[in-house]
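Two separate entries follow, structure 1 and structure 2, each one form of the same protein chain as structure tokens.
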Structure 1
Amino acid sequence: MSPESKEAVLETWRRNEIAQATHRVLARRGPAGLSMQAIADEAGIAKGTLYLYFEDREALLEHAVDATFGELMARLETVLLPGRPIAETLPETVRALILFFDEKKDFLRAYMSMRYGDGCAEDVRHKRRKRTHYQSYLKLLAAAFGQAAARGEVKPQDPDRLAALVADGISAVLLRRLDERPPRPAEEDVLWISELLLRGLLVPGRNS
């Protein structure tokens, strides 16, 4: 491994460690406690070292959020597999999303408060749609729906529009769960969302 590549690996590792520290501080202390000093203390490094990797707190926070949703995408990629029946794929996708949001709820609540405040739902949706990970998620969903239609499992649909509709519907429930204390049991929402969607999508007689 060349010296340059070793440096690149070290920088990636360090940035990810800082991102994890940011995640923990925001989840534990909330927006008011998210300072560069608190993050440095959590990461076990000097405050000045943070500025070697991130211009300011805003850049650091966005990197932490990107890393968090990158983790979610890695989980979804293990569920939205080519050729898998949509009657299996869709419930597992809903389950993966709900469990992830439940695991990260403190971080996500704090982030939503910082980023959107009392902003309208359309602002939240617009900003979410611009994220690379969200676009990748939509592509995976659209591919799953397109393949299911080609196999005759679901009614013919525009897969891209269907993916957008399903993703927005699930997201609305995920955001509602962040506000609920405590939220509805996860499996209840998994079954409710899955059954509701599948009833409208599946071709009668093709799926059990």
Structure 2
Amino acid sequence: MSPESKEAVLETWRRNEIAQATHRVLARRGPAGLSMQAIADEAGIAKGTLYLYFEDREALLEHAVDATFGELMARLETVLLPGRPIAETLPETVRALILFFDEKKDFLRAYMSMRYGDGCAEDVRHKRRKRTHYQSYLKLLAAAFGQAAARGEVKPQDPDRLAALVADGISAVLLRRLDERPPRPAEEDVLWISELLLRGLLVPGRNS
């Protein structure tokens, strides 16, 4: 349609090729092996070409991470629909996360080690650009919790904070799954996490 669409499409396609190559390298060699040369080799292009598609290393990695999180977001958006009871959406969310990361074990492991960025207190320049998809995920969760609270399903509380706690609690379990041999059945973890978050640790009636 638009006159520039052909180039734009090509550009988008290239950026995604590079992102996928980045994931393969990350999975195979770990963060320490994630050099521009390795990414270029994996993508079958020249090192310099990377700089035609990305400003610098940081921008490339950001995109590579966002692209994968984008996939996850698409799946979560089909689950975290407004109006559904939280007792239904929470297990499905956990299930979607477990299935997604069971597919991308290596990516998860490597990504976790990068999630907090460089953690540099001085350099805040790029803060805004970063972690957008992770933030979106949290927002989606928070929205679901907020609506559930509005409907009176869950206790009223700061939904953003709740989303963070739930998301990272789930991540911890995802991470444990990486090293389990044989892997625990996904459904078992889905039910356990959901039950815990929904009804808490305590045995009802046993505590004052």
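Sequence positions of structure 1, starting at 1, serve as the residue numbers. Throughout, rigid core stands for the largest set of C-alpha atoms superposing within 1.5 Å between the two forms. All values derive from a computational prediction rather than experimental measurement.
Annotation: structure 2 represents the form predicted in complex with the DNA, while structure 1 represents the other form.
If you fit the rigid core between the two structures, you'll see the Cα of residue 47 move by 2 angstroms or more.
A displacement of 2 angstroms or greater separates the C-alpha positions of residue 107 between the two structures, with the rigid core held in common.
Fitting the two forms on the rigid core leaves the C-alpha of residue 32 displaced by at least 2 angstroms between the two structures.
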